[in-house]
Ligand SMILES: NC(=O)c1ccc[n+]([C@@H]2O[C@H](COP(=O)([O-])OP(=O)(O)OC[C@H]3O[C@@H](n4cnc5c(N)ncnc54)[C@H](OP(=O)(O)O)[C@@H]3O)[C@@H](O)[C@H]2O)c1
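Presented below, as structure tokens, is a lone chain in the form predicted alone.
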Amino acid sequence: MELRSLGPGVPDVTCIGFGGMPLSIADRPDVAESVRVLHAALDAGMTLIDSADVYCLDDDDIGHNERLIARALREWSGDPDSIVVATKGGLIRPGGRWESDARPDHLRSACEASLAALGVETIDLYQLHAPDSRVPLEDSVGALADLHVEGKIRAAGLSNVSVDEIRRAAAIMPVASVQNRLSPFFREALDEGVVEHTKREGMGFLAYSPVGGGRLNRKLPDHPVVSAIARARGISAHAVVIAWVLGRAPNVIVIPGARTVAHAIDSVVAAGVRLTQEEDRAIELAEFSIA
């Protein structure tokens, strides 16, 4: 599988990584099946797993996904040191809600908890999950910079940010990567210049929800443009869309999630797909309704 740069200070990773969230939120598979899904992704060649402390059910379940990944790596027949694990801090899950807490003291304690959950001394890539409107961005980023200096994180990244926020953060510390939403349904990372900025600055761009996420990805097999390309190529509609997202820029790395072995393996198919200019343009111009 093609390798792409995840940014300064982090090893190159496969252009398709594994998004861990579906294995730990509502309707998650049991632990044994989740480990099988992770092993299938790794055996298929993925070298990046993306997680977060809040990929869980609620605040009593914090770290579920990280603990699951740690177990899967311990039990995997391959070399766990060849896998880059990225995680995030800056959100909380009171009562199952998603809320921000990017105060420096919370980020420090969250990082310490993530280190313990993952069973490592240094986190490969630690990302600010989202800016907190109640906390100056510079304060949150400063906490990550301190964690980097202390050796608790190898590299730092940002998620759910604008170009201006990336610039402000980069003035404080090296920013390895940015993780924002990107799919044919949601193109703000392209329209607002985030992908272009990260490419120009040598940062990796992690595209989450590349097939739309949730109910939207279920629309793809019936989408007239996507389904026609999928039939012609003998691949799934989801693989077509992942290939389209990968084609937006050479620094884009997609991190689709999966709850089943079949879906994990299907995502890897996209790595070998090169859309023609006509196919790419057809998807570019097509309507992708979120209704």
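Quick note: we count residues from 1 along the sequence shown, nothing fancier. No experiment lies behind these values; they were computed from the predicted model shown.
The following text describes the form predicted together with this ligand, which does not appear among the structures shown.
Trainee: Does at least one non-hydrogen atom of residue 227 fall within 4.5 angstroms of this ligand in the predicted complex?
Mentor: Result no; residue 227 lies far from this ligand in the predicted complex.
Trainee: Does at least one non-hydrogen atom of residue 10 fall within 4.5 angstroms of this ligand in the predicted complex?
Mentor: Residue 10 lies outside the contact set for this ligand.
Trainee: Can you tell me if residue 211 lies within 4.5 angstroms of this ligand in the predicted complex, counting non-hydrogen atoms only?
Mentor: Residue-level check for residue 211: yes, a contact with this ligand.
Trainee: Should residue 179 be classed as touching this ligand in the predicted complex when contacts are defined as heavy atoms within 4.5 Å?
Mentor: Output for residue 179 is yes: heavy atoms within 4.5 Å of this ligand.
Trainee: Given the stretches 111-119, 162-170, 203-211, 188-196, which is the single one in contact with this ligand in the predicted complex, using a heavy atom cutoff of 4.5 Å?
Mentor: Looking at the partner contacts, the answer comes out as 203-211.
Trainee: Pick from 35, 258, 235, 252: which has a non-hydrogen atom within 4.5 Å of this ligand in the predicted complex?
Mentor: Contact residue from the list: 258.
Trainee: Pick from 21, 275, 283, 271: which residue has any heavy atom within 4.5 angstroms of this ligand in the predicted complex?
Mentor: Selected residue: 21.
Trainee: Note that this ligand is not shown here; using its position in the predicted complex, name the residues of 215-230 with a heavy atom within 4.5 Å of it, in sequence order.
Mentor: If the 4.5 Å heavy-atom criterion is applied to this ligand in the predicted complex, 215-230 yields only 217.
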